[in-house]
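One chain is shown next in structure tokens, namely the form predicted on its own.
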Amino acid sequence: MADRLAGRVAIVTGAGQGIGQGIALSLAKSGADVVVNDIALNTAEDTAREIAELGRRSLVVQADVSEATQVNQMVERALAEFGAIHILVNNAGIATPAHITDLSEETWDRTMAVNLRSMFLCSKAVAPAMMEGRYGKIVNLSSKSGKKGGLWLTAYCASKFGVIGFTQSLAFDLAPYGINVNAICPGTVFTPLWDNVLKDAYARKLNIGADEVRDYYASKIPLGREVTLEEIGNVVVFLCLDESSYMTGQAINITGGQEMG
């Protein structure tokens, strides 16, 4: 898919590490220039350096995408720098596993803000430019947890189920303008979020050692292993190519068979 996206400009939220970084690099490898957003400036700059090594342009924008003013400023900067926005990948997300009796209102609200409100704000901000150009690709990050509930994941699952409903409705709104809106639903992927937050929480809820968690989750996957960042990036790239122009409103599983619905 080398250079298949040459001349395209993409915004990727939460692109400083993990899935977002993998997607940003996959888009750059396919020829796109990338607006690299993250709430952490240093990680966004790391991603931008890797994009530069691939010979593509980038723009680093430190912003909390759950805040409307910061989102609007990000989009204005992107348009000023590149003149257009062809692709938006709404990736920014957080997860804080907790039993319902331990889940605070603050954690619930923050999860909804980062995982769902950010997609509304970013999509609303880029829509006018895409509508004017009568072209656009929006890819929203849901999860296998957006298809099926999970233990200690009430806030996270609620937000990711919401992403799918938002994706379907937005696809209707923007279809008359030639804009495709789809979601992807990755399965188990071992990222810094996993190592820094999820691993220990999952060990507690499963009552196993932290060093056993990866093997436990991999054993539940029919293909016998976790998904890679490259495999997630490849699906996103496909959804941004003209070959996927008849696909919209879909929620595509990338789960190794763990979720098939």
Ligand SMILES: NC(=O)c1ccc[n+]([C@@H]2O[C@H](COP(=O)([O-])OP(=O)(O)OC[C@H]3O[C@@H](n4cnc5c(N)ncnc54)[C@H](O)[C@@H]3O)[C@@H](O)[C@H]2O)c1
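All of these numbers come straight from a predicted model, not from anything done at the bench. Quick note: we count residues from 1 along the sequence shown, nothing fancier.
What comes next is about the form predicted in complex with the named molecule, which is not displayed.
- Only one listed stretch (174-182, 126-134, 77-85, 109-117) carries heavy atoms within 4.5 Å of the named molecule in the predicted bound form, and that stretch is 109-117.
- Residue contact check for residue 244: none of its heavy atoms lie within 4.5 Å of the named molecule in the predicted bound form.
- In the predicted bound form, at least one heavy atom of residue 19 sits within 4.5 Å of a heavy atom of the named molecule.
- Heavy atoms of residue 194 reach within 4.5 Å of the named molecule in the predicted bound form, making it an interface residue.
- Contact annotation for residue 63: at least one heavy atom lies within 4.5 Å of the named molecule in the predicted bound form.
- Heavy atoms closer than or equal to 4.5 Å to the named molecule in the predicted bound form belong, across 89-105, to the residues 91, 92, 93, 94, ordered by sequence position.
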